[in-house]
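What follows is one chain in structure tokens, specifically the form predicted on its own.
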Amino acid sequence: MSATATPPRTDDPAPDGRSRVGTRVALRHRLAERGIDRQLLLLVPAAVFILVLFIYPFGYGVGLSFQPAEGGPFAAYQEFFSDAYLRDTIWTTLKLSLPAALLNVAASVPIAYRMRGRFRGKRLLTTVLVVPITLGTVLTAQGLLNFLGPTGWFNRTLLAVGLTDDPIRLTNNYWGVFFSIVITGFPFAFLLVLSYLSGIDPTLERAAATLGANWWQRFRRITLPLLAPGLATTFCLTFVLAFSVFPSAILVGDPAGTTRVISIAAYDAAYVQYDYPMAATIAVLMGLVELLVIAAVLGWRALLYTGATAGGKG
């Protein structure tokens, strides 16, 4: 019988007396005990992306806001709050963004609630509701000018039937910007609410129906409480989208008066006055106002709902 060669073992003892395989296994175990897994390496590209495109620009902007040409480090902030023309842009933007976000969320709930079931034409209706995403702000503004402008279809119809003697001004003012924000923000709110509603187990409502609860009782006592965390998140995202309004405030608003939002003030400071510390200051204040509103909404959600938000809980 001829001797056969024994294949080399991959776990031969290392020079220090431990096997290489055993060392790797022990190392993985120690890392796993600390919550570190090799799959966490998949987060590295995302972490680099956030660091380069978000954290660094934000930190640079914050630092720039404390470097005004004259005065101390807080001179730009003092100038902003001492100038009523600048300071009022915060309130102007809130007057536009808060009602628009609230309306988008409120309008999305009944539509999404009905559309989570199966019926003929559901795909077509969903497509129609999300079409404004593809239009863009400029095309939406042009459509509003053609429809709601002084010589648009809406005013011409009112004048033709004798409901008004003069055109109703619905553009180049507060209402033009408000309608534009609602049109562009509704698809996002609708898709988010629909996704949260789809995560709620429908058997909960069926069980309540067998106990004699009508549709309103089922919605108010079962669906709405489970949907509350999703509504809060949807409101926050829709509010941030509306608070950063810029093109609409110029195209269908009054950028020097009633719709001079805070983003226009930041643009003027950076590219009209070339005062980059003031522009950075305004940008930082925009972020702080958004964070305050989001914190208030999430705090309200925590007070009203303390259950889990996963596993079909909205």
Partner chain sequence: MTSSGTTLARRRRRLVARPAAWLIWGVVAFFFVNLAGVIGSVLVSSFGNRWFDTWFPQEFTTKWYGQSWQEFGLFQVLVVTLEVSLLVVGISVLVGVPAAYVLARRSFPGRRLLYLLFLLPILMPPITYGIPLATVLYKYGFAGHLSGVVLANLVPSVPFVILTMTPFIEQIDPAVERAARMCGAGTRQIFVRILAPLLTPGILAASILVLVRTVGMFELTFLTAGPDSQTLVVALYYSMSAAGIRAQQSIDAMAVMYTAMMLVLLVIALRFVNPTQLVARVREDVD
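Residue numbers count along the first chain shown, from 1. Rigid core (definition): largest C-alpha set, two forms, superposition within 1.5 Å. Since this is a predicted model, take the numbers as computed values, not measurements.
Keep in mind that the form predicted in complex with the partner chain is missing from the display, and what follows is about it.
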query: Contact test in the model of the complex: Leu163 vs the partner chain, heavy atoms, 4.5 Å; finding: no
query: Contact test in the model of the complex: Pro45 vs the partner chain, heavy atoms, 4.5 Å; finding: yes
query: Asn173, heavy atom within 4.5 angstroms of the partner chain in the model of the complex; finding: no
query: The partner chain contact at Ala256 in the model of the complex, heavy atom, 4.5 Å; finding: no
query: Contacting member of Ile222, Leu145, Leu98, Ile90, with respect to the partner chain in the model of the complex [4.5 Å, heavy atom]; finding: Leu145
query: Heavy atom distance at most 4.5 Å to the partner chain in the model of the complex, all of Leu40, Ala141 and Leu291; finding: yes
query: Stretch 262-281: residues contacting the partner chain in the model of the complex, 4.5 Å heavy atom cut-off; finding: Ser263, Ala266, Tyr267, Ala270, Tyr271, Tyr276, Ala279
query: CA of Ala160, rigid core aligned, shift of 2 Å or more between the shown form and the other one; finding: yes
